[in-house]
Every structure is written in C-alpha cells, then in structure tokens.
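This document opens with one chain alone, in structure tokens, the form predicted alone.
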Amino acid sequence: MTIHQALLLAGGRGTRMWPLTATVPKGLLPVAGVPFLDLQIRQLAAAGIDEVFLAVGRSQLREWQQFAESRRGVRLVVEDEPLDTAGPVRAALDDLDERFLVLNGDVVIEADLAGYLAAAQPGAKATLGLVEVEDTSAYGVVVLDDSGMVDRFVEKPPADEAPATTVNAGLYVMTRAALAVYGEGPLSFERVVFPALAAEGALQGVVIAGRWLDIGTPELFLDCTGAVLAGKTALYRPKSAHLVEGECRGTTSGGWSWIAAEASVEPGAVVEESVVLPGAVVGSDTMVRHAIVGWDVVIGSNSIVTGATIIGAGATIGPNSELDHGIRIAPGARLEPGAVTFSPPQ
C-alpha cells in the first residue's frame, strides 16, 4: 500500500512543558539543537511520506508558519478552536488522499513505519498502530480478534485481569471513508471514530515495536535529549554534546549535557544532564543538574538549579538561589538573590 501523506496532531498547548511553551510550540522545542518535529518528519520521509500536514493552534501561528516555510512539503491545518484528535483531520479531508497516516506530534516511535504501512489491510477503514505494555492499568487496552481486527476496547484493566497487553500508540492509517460520515467540528478518534469502526468490523490493529522519544514532560524531554546525545536514535546524530572549547569556561559531568554555543557557562559552574538554551548565562560556582535553562536566562553565582526545574525565557535568577522539585520560573521573571531556597540559613 503506497501512502504519501501524513497529518501530525500538534495543536496541543503543551502546558506540562510551560514556561518553554509560552514562547515556542511544544513540537518545535529543540532536542540537541533541532526542533523535535524534525525527528518525526525525517522518519516519515524514510517511509516514503513526502507531504506532511501539521494540525496547529492559531495562538502560535507565526512560529508554525516560519517552520513550515523552511521545510519542503510541510503544510498547516490551523485550528481556530480546539478540535480534539479527529476534528483537525476531518477539517483537512478535502486535501488528503484516499489513505493517509495520522500521528501524535509530541511522540516519536522509532519503528518500522514502512512495514506497518505494508501490513495495513486494504479492506480496513483504519489501522491502529499498537504497542505492548507490561502494566495495563494506566492504559486503555485494544483487544484483537483472530483476523487482526479490533474486537473491543477495555479501559485501564488491572494487569492480572487484562484481556490483552496492546495499547494505542497514537499512529493510524486512516481512510477518507472513515471520517467523511462526520461533520466538521470537534471530533474524537478515541471516543467516537474508533469505537464506531470497531463495531462495524472495519478497524484493524497492527503491533509495532521501537524506541519512544517523548517530550511531553520535563523529565521525558531531558531523557529524550540524553538518548539523542547517546546515539540511541538514527533520526538525528549530532557530532557531540554542544560544549564549545574556549567559549564554555565551566565544566560538565554526568552522562551528557547540551549547552548551546550561544550560551555562557562561567568559571566554576557545573552543568550535568541538563539543557542550556541559546543566550543563557550560568553564573560562576553554580550547579545545574537535571534541569532546563531557557533562552536568554541569567542565573546568578553560587546557585543550584536541579530537580527537573524549567526556567522560562529571559528570566533572571539572583545569586545564592536554589531551584528544585520541578519548580517553573515564568518568562521574564526576576528573582532577588536568595529569594528561593530549600536550605535553612546556617
């Protein structure tokens, strides 16, 4: 089966990655220096997909337009209001082929997409990509019949009672016929479209396997960056963690660090398993560990930034500060010296 088009669902607000997403859409957050969605687009190109639609919200349209204009074969589907998971696809239906691919835009499953596409049965109106999980209690499981068609969905069964261990991977081969019966507007794949197709006997499931790259939370974003820098994905292999000799006067330790060339790490500072974005300054004798430092942030000397902390663009952190436990610092905020600390005075 030849499929040349894909639609990526990238319209979410990315609230779990705020404050970075206050200025940059989640799908465009840089992983080791490249927008996350570039990883998805590279994988699609390798599977023969040459036209990609991005379903995006209007609130950050300028950033999306700049991205689309700089990528060949990328088009935008703009949501003026939230349309759920299937609504944006229905809105773009007139521009889509008879069969096309739909994927979640904040997760990459580095799987054999060509093999998955080849396994999609011509008679199915949709084919779900499924993955195996050990603990089913956090997922809705998808139960297949002997012919590989979806028999039913079971929501979050205990592991010892689960009728299957396969769950929705957020990857679908869709047909125009599966969506043409619905009007335009908000529409859910999970609650409306897929249950209806399963009842019709027209919903197939194909099990896939591969590495997950996910930026949905600060911890996952850091894990994803670390995996890329460790060479654990073929989608992007930077030459090294970006630590420029002569420009970065601090040190790094731990397994990896990504420090943009345009950032500055002052003498005595240590950065480990963290991301420091362009324009940021890490003051002398400061420790940044397992944290994300946004664009043009200034961190004063003798500070500690750790615990999956995110500092938003343009914020200033005064000297002798301690940021921990996933604290979020708003873009442009100014913290006075020692204003936030988890250590009592000596």
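Start at 1 with the first residue shown and count on from there. Everything quoted here is computed from the prediction, not taken from an experiment.
The protein also exists as the form predicted in complex with guanosine-5'-triphosphate (GTP); that form is not presented, and the subsequent description refers to it.
Peer 1: Out of 28, 315, 304, 55, which one falls within 4.5 Å of guanosine-5'-triphosphate (GTP) in the predicted complex, going by heavy atoms?
Peer 2: It is 55 that has a heavy atom within 4.5 Å of the partner.
Peer 1: Thinking of guanosine-5'-triphosphate (GTP) in the predicted complex, which stretch from 79 to 87, 197 to 205, 158 to 166, 116 to 124 has heavy atoms inside 4.5 Å of it?
Peer 2: Contact criterion met by 79 to 87 only.
Peer 1: Looking at the partner-bound form in the predicted complex, is residue 10 within 4.5 Å of guanosine-5'-triphosphate (GTP) by any heavy atom?
Peer 2: Heavy-atom contact with guanosine-5'-triphosphate (GTP) at 4.5 Å: present for residue 10.
Peer 1: Does any heavy atom of residue 19 come within 4.5 Å of a heavy atom of guanosine-5'-triphosphate (GTP) in the predicted complex?
Peer 2: So residue 19 does not count as contacting guanosine-5'-triphosphate (GTP).
Peer 1: Mark residue 226 yes when one of its heavy atoms lies within 4.5 Å of a heavy atom of guanosine-5'-triphosphate (GTP) in the predicted complex, and no otherwise.
Peer 2: It does not: once guanosine-5'-triphosphate (GTP) is placed as it appears in the predicted complex, residue 226 has no heavy atom within 4.5 Å of it.
Peer 1: Can residue 104 be called a contact residue for guanosine-5'-triphosphate (GTP) in the predicted complex at 4.5 Å between heavy atoms?
Peer 2: Residue 104: yes, in contact with guanosine-5'-triphosphate (GTP) in the predicted complex.
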